[in-house]
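What follows is a single chain, given as structure tokens, in the form predicted alone.
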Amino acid sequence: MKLSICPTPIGNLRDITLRVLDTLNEADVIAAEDSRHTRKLLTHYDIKTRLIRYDDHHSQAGLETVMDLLRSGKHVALVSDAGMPVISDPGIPLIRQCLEEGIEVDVLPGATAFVNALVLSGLAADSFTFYGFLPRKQSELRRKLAEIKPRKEVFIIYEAPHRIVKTLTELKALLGNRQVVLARELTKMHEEVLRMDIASLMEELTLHPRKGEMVLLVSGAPEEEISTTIEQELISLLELGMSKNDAIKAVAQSRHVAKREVYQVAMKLK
């Protein structure tokens, strides 16, 4: 009775460990985010283990199916479409349930896209924050970016090619024209890393749209932004069209202060 968390290649099928291959062969069942996608990997390595679909983003029933297998004494290997499960992929509810019930969880090391991107970027790697996919709704996205704005460390996000220019537009509006690095199609034949400021990257992607999986790294806040006052931060957000209530929430969260403190400052603004 064990759950093994198995990272899979993010592009190149050879980027898989011998230990993961052993585990996928030895497990009773492989639970996959997309069984059709994972089947290609298993076929490549001639792995015959039973394969089932598991995606906790959409189905509570899938969680119960896997838990029933584990409770009956089976060894289940969890994989996502690419990289490490849980990192912007399914898995955390299953792991939590296993821990609550005392079921062994074993995590194997392997590929994770944002780690490759960070090392390739040339940006300071001693301190960073990974946010996965940012909110899609503009109001929620702006609140999130307002929280991130004063932080001095590099931050990393995943983004889809059809949304990248829109996201860069919001980043420039909220954060200014910071230095960014876009890592695309990591480990694949057409791997590409673009290092420039936000405005230049927007222009490049508008003139020459790219496809494929994307990791975006954004440099941290310059010192002058870190030292801004609550009043200055509120004004900048309000000038972007953010509602007063949303701006108050965002500033309170970014500065880790009580909303009432920010509210008092906001009430003094004309």
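All of these numbers come straight from a predicted model, not from anything done at the bench. We number the residues from 1 along the sequence you see.
As for the form predicted together with S-adenosylmethionine, it is not shown, yet the points below apply to it.
- At the 4.5 Å threshold, heavy atoms of Ser80 reach S-adenosylmethionine in the model of the complex.
- Ala183 belongs to the set of residues with a heavy atom inside 4.5 Å of S-adenosylmethionine in the model of the complex.
- By the criterion of a heavy atom within 4.5 Å, Met84 is counted among the residues contacting S-adenosylmethionine in the model of the complex.
- In the model of the complex, Ile10 approaches S-adenosylmethionine with a heavy atom inside 4.5 Å.
- Across the proposed site, Phe128, Phe155 and Leu174 without exception lack any heavy atom within 4.5 Å of S-adenosylmethionine in the model of the complex.
- Residue Val215 is the only one of Ile30, Leu70, Leu201, Val215 with a heavy atom lying within 4.5 Å of S-adenosylmethionine in the model of the complex.
- This chain appears without its partner; in the model of the complex, the one residue of Gln97, Thr167, Gln179, Ser88 with a heavy atom within 4.5 Å of S-adenosylmethionine is Ser88.
- Of the stretches 193-201, 139-147, 71-79, 109-117, only 109-117 has residues with a heavy atom within 4.5 Å of S-adenosylmethionine in the model of the complex.
- Contacts between stretch 129-153 and S-adenosylmethionine, counted in the model of the complex as any heavy atom lying within 4.5 Å, involve Phe133 alone.
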